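Next up is one chain by itself, shown in structure tokens, the form predicted on its own.
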């Protein structure tokens, strides 16, 4: 009778659990750091995300000419740095516009760039951080969810993003689940090939999450079944979740967590609506984790 009682309690707890592994509670992921308030993918944005209670902080990864992982969303420098002014003669022309690819510049050159002024004068002289600096800033305070960004572009240049990522995680003893309970690591990507490579070629056992902008012609069931072959979790856009209401339940049915992106407030006046949207995604849609530019608006209750 005692055994049955404990088993029943365990079953009730499992049924009541609102999130799936690798998460342990409804989870707040700081998208590019606290990017609504500080320049994205900079140490100030990561520190502010920690202050605002982020469970995980996201670094998008790019590779410098000399093979160093840096934190930046774009494959080019011009949107968030002063590369255009600093290196006026180093542009490439792509699709009729001038660009400054990250992979054309060494880390030392990128260090000379201002990555903050575009967000506001108070951020002048803020630098592009390396992935190692990001780890040093966040470790022990939150989890890390790096994204292999456009790995195919770097592969054409002979730069192996997956190899570099696993090397730095290994050197920091963060390459295995549970290596540092205070700093769990999840790897995400829009690239199926990148996730497959991490799992097979690099024997990565960390949780892998596949970013999905839309399902295309796939049904939710077919999409989840396909993604489960190479990832542990699904990360659809908010639009995909709203377009396919059964997607979250289907993912959970097949044992996959759901991380949704990206919720953001367009202005201070949108704070209440943004908080309400996140609450709806968690409680009504049933997602496990949310990427947001506004960590301070995440509903904990």
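As the structure is a computational prediction, the values presented were derived from the model and not from experiment. Positions refer to the first chain, counted from 1.
Although not depicted, the form predicted together with a small molecule is the subject of the following passage.
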Among 141-149, 169-177, 80-88, 124-132, mark the stretch whose residues have heavy atoms within 4.5 Å of the small molecule in the model of the complex. 141-149
Report yes if any heavy atom of residue 211 sits within 4.5 Å of a heavy atom of the small molecule in the model of the complex; otherwise report no. yes
Just to confirm, residue 73 within 4.5 Å of the small molecule in the model of the complex by heavy atoms? yes
Could you confirm whether residue 118 comes within 4.5 Å of the small molecule in the model of the complex, counting heavy atoms only? no
Does the 4.5 Å heavy atom contact test between residue 60 and the small molecule in the model of the complex come out positive? yes
